[in-house]
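As structure tokens, one chain now follows by itself in the form predicted on its own.
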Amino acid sequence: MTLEHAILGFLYYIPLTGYDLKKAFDASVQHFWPADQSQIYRTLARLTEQGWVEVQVVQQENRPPRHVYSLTQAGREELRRWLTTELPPEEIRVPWLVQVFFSGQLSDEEILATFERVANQLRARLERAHRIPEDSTAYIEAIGSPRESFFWMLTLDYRIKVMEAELAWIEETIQRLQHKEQPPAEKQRS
């Protein structure tokens, strides 16, 4: 997925400012596609250049003008094209697993600390993910489409199940390390 297409998707529903887009990301898709404010603004500029988005400058009293972005017909067509396109298989990169791969050099305490850190990060992400339905209520109500809401929640359900499975594996591994379970190669050398 690209940030461009995520932005087109949000603008399909309603015109938004860059600031409002960031809030929409944080309240809905950040569990699988986070974006920072500067990425959003750079991408909006590219989308405007491509003719997929247009911007309206709205003057405000005693405040800087608001730049409100909306989807053009070409943007709608691009979003639809992308939604029906087969995507290449994703490459999975998990940096902390690279650490685990080479952790035979570390003490049990050091590697346990790595697993505990990752487990705590996952627990925090799961906690945030469980709050997403509540945080996205305003967007769901604004769109007013139970069908759209259903598909939004499917992505959340998927992400929660993946994180829960990952956390279960990490917790099981912590137990194995705490019980000094040795890898097969080490048992043979003992």
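All residue numbers are counted from 1 along the displayed sequence. None of the values given here were measured: they were computed from a predicted structure.
One more form of this protein exists, namely the form predicted together with the DNA; it is left out here, but the text below deals with it.
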* Structure fact -> Answer key: of E49, D135, D36, E127, within 4.5 Å of the DNA in the predicted complex (heavy atoms) is D36
* Any chance R123 has a heavy atom within 4.5 Å of the DNA in the predicted complex? -> no
* Would G144 sit within 4.5 Å of the DNA in the predicted complex, counting heavy atoms only? -> no
* H31, heavy atom within 4.5 angstroms of the DNA in the predicted complex -> no
* So, in the predicted complex, is W152 in contact with the DNA at a 4.5 angstroms heavy atom limit? -> no
* **Residue stretch of 144-152, 158-166, 60-68, 127-135 approaching the DNA in the predicted complex, non-hydrogen atom distance within 4.5 Å** => 60-68
* Can all three of Q99, L106 and R117 be found with a heavy atom no more than 4.5 Å from the DNA in the predicted complex? -> no
* **Residues of stretch 3-29 in contact with the DNA in the predicted complex (4.5 Å, non-hydrogen atom)** => L3, T17, G18, Y19, K23
